[in-house]
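This document starts with one chain, in the form predicted alone, laid out as structure tokens.
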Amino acid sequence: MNRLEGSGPVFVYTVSDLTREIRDILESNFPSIWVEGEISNCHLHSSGHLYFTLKDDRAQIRAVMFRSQVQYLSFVPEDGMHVLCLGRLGVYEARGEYQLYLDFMEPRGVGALLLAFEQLKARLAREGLFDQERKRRIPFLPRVVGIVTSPTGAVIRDMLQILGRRFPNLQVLVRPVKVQGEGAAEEISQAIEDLNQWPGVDVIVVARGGGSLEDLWAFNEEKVARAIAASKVPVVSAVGHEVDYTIADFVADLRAPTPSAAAELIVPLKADLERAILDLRTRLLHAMEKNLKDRRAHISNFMGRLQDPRRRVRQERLLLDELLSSLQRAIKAELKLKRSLLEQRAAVLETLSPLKILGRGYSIVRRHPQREIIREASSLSKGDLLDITFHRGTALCTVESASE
């Protein structure tokens, strides 16, 4: 900044100095302001920062929202959307433009809320959070039911009354939360996580009575949807009336049209179970009696066809005696036949026996000591020793002479 001499002191600003002073004035006078308008020229930079123009029918102002705030938006800003913004006024010195630096932005009006609802619904559906395959079966008879809802009002009273009437000894664990307004979504998400850590909880019910779209908006928040999807315990969504649908309904393992209906869906009537058990017991006893009756008839039939075992033993004994007599006769006949054959063969052997021949005056001459039978006299020499076998006895002789 320079000063010119003349009729009086004149200060000359540089562009940077002037821009800086304007920035200081704006930032000190508008440190935090709410601005409402329509989005145009919306552009999400690769850095994650969001740039757009906020306008109405007579003016416009440039706006920027940095990535650290963009990540908390519950909707995707688009051209033409009417929004309510919170931020501060500042100057972008490089261009000499004043603009809004935003910390918060939300859709304005029901139409904008519906748009945000549809945008989040479509995005979570693409991720598969609504797929039927990932949803779990609700236990038939839970031991502990966790309820995430407001601790006051008709919802929790009606649910406790219905649960107590249907199954008096059911254990119910109520996790109180805000169900609408600022911070409600965070409390609901944390309550779902807390009940997942509680030992024995078999099913979680997220419940709220009816209301407008704005009233139910906490159940359309992405953080609530993520908490339901991440829950290890099956979750039942019971938000609003039958015609009301929230993002929580699509992510939950089961959607109940009302909180009271949820209480009836998750717990069967104890009286019905007792009647069913009694009916099964009766049917089982009848089946057992019929089975015993059939078996008795079957045994009686077999006993009628079965003969007296003593009679069977007597018959078998008589048959055994007959077989024994037949065997003895067969053995005797066989022995007689074998004896006759033996006698015949003995007679033949007797006829051919050398002892028989010796009895007629013949003798057997053998060379001594070789025991060689002598058949010809020419094989003998003077002085040979001979063994001579007679019909009775033997003699040792010496050859004096031998001739043919």
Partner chain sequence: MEEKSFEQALEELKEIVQILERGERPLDEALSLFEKGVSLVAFCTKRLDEVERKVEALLRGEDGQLRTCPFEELNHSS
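All values derive from a computational prediction rather than experimental measurement. Residue numbers count along the first chain shown, from 1.
Another form exists, predicted in complex with the partner chain; not displayed. Remarks below refer to it.
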| item | value |
| --- | --- |
| Non-hydrogen atom contact residue 195 with the partner chain in the predicted complex at 4.5 angstroms | yes |
| Exercise: residue 125 in contact with the partner chain in the predicted complex, heavy atom 4.5 Å | no |
| Heavy atom of residue 281 within 4.5 Å of the partner chain in the predicted complex | yes |
| The partner chain contact at residue 297 in the predicted complex, heavy atom, 4.5 Å | no |
| Stretch in contact, per heavy atom within 4.5 angstroms of the partner chain in the predicted complex, of 80-88, 330-338, 126-134, 167-175 | 167-175 |
| In the predicted complex, the one of 154, 292, 318, 94 near the partner chain [non-hydrogen atom within 4.5 angstroms] | 292 |
| Single option in 243, 324, 313, 287 placed near the partner chain in the predicted complex, where near means a heavy atom within 4.5 Å | 287 |
| Stretch 122-148: residues contacting the partner chain in the predicted complex, 4.5 Å heavy atom cut-off | 137, 140, 141, 142, 143 |
